[in-house]
Structures are given as C-alpha cells and as structure tokens.
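Quick setup: one chain, the form predicted on its own, written in structure tokens, and binding and motion questions come after.
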C-alpha cells in the first residue's frame, strides 16, 4: 500500500463502497479497508435492496448484480398468539424493469459491489482493522491499522465502520449508545426449493415477496420480524431494541426460535433446512441520535451516522446515498485542496436536504413513543385480532351484536378514551 492516499474509506458495506466507487470513478486515489475476510462477511441486513438509490450509483445494476428476487408483494402481519390481521400490496409493475426493490444476500452482493469499486480504481484491502484515526493538529490525517507498519495517510477519511463506530467514538463524535438507541437483529437463512417458495407465497417464477411481522412476533417488544423470499432460500429474522430484550430478559436466539415456530409462520418454513445464522446491531435512535458527521479531514456515513429509518425498515438505501453524497463533497473539496470541516460541511448540508434526514425528521419521535407506550403491541394488536375474529365468525349473532361485543371488549369508558388518545398520539408521531 502506498503511504498516502487521497481518501481512506473504513468499511466496505453499502455506504463505504458507494463512496469508494464514486471517488474512484472520478479519479480519486482511494483505499477501501474491510475488517472481514471479504466484503459482506461481517455485514447483515434484512435482505431488501432498493433500486433507485443503487441505480443513482450504477445505472441498470440489476442486469448484472447478484440479486435474489424482485419484490412484487409486501405483506404486513399484525400477530397475536394464534391469529394475524394481514394486509399487503401486490403490484406487477414491481416485477418489470426498472423494478422497485430486490431481496439480496449480503455476502454475495457486497462482494460484487466492492469489485465494481475496484474496477473503477479503488484499492480494496480486506482482513484489516482500523484501530484509530491519526490526528495531527486537530485534523484527521489517516488511520492506524492492525497490520505491521499499519499507518496509512490521506487527505480525508470516511468512517463507514457501522453502528458501533469506534473511530467516530474515539474522535468524540458520539457517546456510547443507549440500549434504546440500538436494535439487535438475528436472522437465519433457510434452504428451500424455489418452486416450493413460489407455490407457498403465491408467486410467479422469479417473483419475490416480503412479510413484515408485528406484535406477537416480538412478544410485544418494540421491533419487527421479517420473512423474505430469495431464489432458493428464505431469510427469517427478528430485530428488537436492546432495551426491550434486557427488560423482558429474553435472549435473541430464543426470540428467533419463537418466530420460526409461530403458527402463522411455521407453515411457510416447513421442509426448509438452516444454512446460516447471523446477528447484527442496527442503529434505531434516528434523528435525535445522529452524531456529528463532519470534522477536519473526516466524514461519517451510513450506520455509523445512525442513518436508519426504523419505521420503514430502510437502511441500505440511506447508507448508499450518504456514501454518494460524501463522495460528491470530497470531489469538490479536492478541487479546492481544502479538507477543513467548513468545506466538508457541505456533506452535512446535502444530508439535511436529502430524503434521508427529511424522513428521519418525519419519524423523529416515533421509536421513542412506541417504546415508551408498549400497549400498542401488547394490548391493541391482540384487540384488533379479537375484533376481526368476532366480526368474521358466523355464529348466528347479528352484526350489531358483534359490534356491541367488540365495543365492550375495549373496556371501560376511561379505557376507550385512553385508546382514542393513544391512536391520536400515534398519528401525531407518524404524520
């Protein structure tokens, strides 16, 4: 490795690789460091990749990238112990070019994406841990790695090292994250014949489906489960706030097994065989938890900057866009040979104007609200299931009688008023 680069990017996930790709394409001498054996070996996400943000970087990438299935249906299940209220949208327009989103397996996709950055001229070095930033006169000038003679220098360093960014923390950009700002996601990849997948999920050949699971899937803890269709595997997982796991004294793998054996989910998995188990921390603090993202000679992107929309389960799209915006800023800074915080602050301004921070602002209080008031998951979703059961059970009772029973089940007038207030509060934090 040469001693000095124009830019060092730490982390070859979606954010870091997007940044390295754009920089290399513009002729910037960029080093991309990855601590894993290969890009994707340490990366986990639910498995959905959004087309628009990736295509902003590589047009028509879907014609060559190792994708699993284009998603034509998104389902949502509000689950009780033996029932579920389900709603969905299925659109065949999502099954045609240019598509909307795809299921992916990160171990495959991240390698391909990093290879594309290398083709543009980036230098990828794996199995290398960036231990700390090298700071001189208050400015980041490189990183110290775990390799012999491992000091590498650059005009600017991009931190894309994930939610628990030790480098950003060492710089004082963020404190230790609280348990209610981070979720732990556990996921299993299950082998299943592709024809069985298509029959089970009512899909045409090659089409994909995602199912988001709320309520009993997390035993009432704030979080979601998910079930995604790949070519010949299924991705099943659950992610909940660390604070919820601690409070309820539930181990993550126990919660995953509970989801897999839930009567609403078990039939989808019948006959499958586990091939991989994964676990990963996900930033869920949102807008209020965003750390400092710019300093002299340094930028922070992706999960390291808490750029995840927990309500819509979006992260990879925000990561790639933040990486692209960081690259645009660095290219501009290079033309002026100015890598000061004031110049690099254009990145922060770009973030603030983008859909990323606009969406984080929109839902800035949502996660905290639903975490503080667990009745939405513990009481109201079961109530909804019981109401649906009453209404759709044909037992000789009139629909007026059924409506009166549902009304009585809501509790006293005080409880009904509380329900109405909670619905209004939920609307306020989501509108």
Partner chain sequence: MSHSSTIEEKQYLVRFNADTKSHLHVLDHDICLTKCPDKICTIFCPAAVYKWEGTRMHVGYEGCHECGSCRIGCPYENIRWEYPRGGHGIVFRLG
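Positions refer to the first chain, counted from 1. If you're wondering where the values come from, they're calculated on a predicted model, not measured in any experiment.
Here the subject shifts to the form predicted together with the partner chain, a form of this protein not shown in this document.
Peer 1: With the partner left out of view, is residue 161 within 4.5 angstroms of the partner chain in the predicted bound form by any non-hydrogen atom?
Peer 2: Judged by the heavy-atom cut-off of 4.5 Å, residue 161 is in contact with the partner chain in the predicted bound form.
Peer 1: Could you confirm whether residue 277 comes within 4.5 Å of the partner chain in the predicted bound form, counting heavy atoms only?
Peer 2: Contact check for residue 277: yes, within 4.5 Å of the partner chain in the predicted bound form.
Peer 1: With a 4.5 Å heavy atom cut-off, would you call residue 345 a contact of the partner chain in the predicted bound form?
Peer 2: No, no contact at 4.5 Å.
Peer 1: Could you tell me if residue 64 has a non-hydrogen atom within 4.5 Å of the partner chain in the predicted bound form?
Peer 2: Judged by the heavy-atom cut-off of 4.5 Å, residue 64 is well away from the partner chain in the predicted bound form.
Peer 1: Can you pick the one in 135, 352, 85, 129 that has a heavy atom within 4.5 Å of the partner chain in the predicted bound form?
Peer 2: Of the listed residues, the single hit is 129.
Peer 1: Using a 4.5 Å heavy atom cut-off, which residue among 76, 253, 112, 153 comes into contact with the partner chain in the predicted bound form?
Peer 2: Of 76, 253, 112, 153, the residue with a heavy atom within 4.5 Å of the partner chain in the predicted bound form is 253.
Peer 1: Please identify, from 285 to 293, 324 to 332, 87 to 95, 103 to 111, the stretch that has a heavy atom within 4.5 Å of the partner chain in the predicted bound form.
Peer 2: That would be stretch 103 to 111.
Peer 1: Out of 206 to 242, which residues reach within 4.5 Å of the partner chain in the predicted bound form, heavy atoms considered?
Peer 2: Going through 206 to 242 in order - heavy atoms within 4.5 Å of the partner chain in the predicted bound form - there is one hit, 242.
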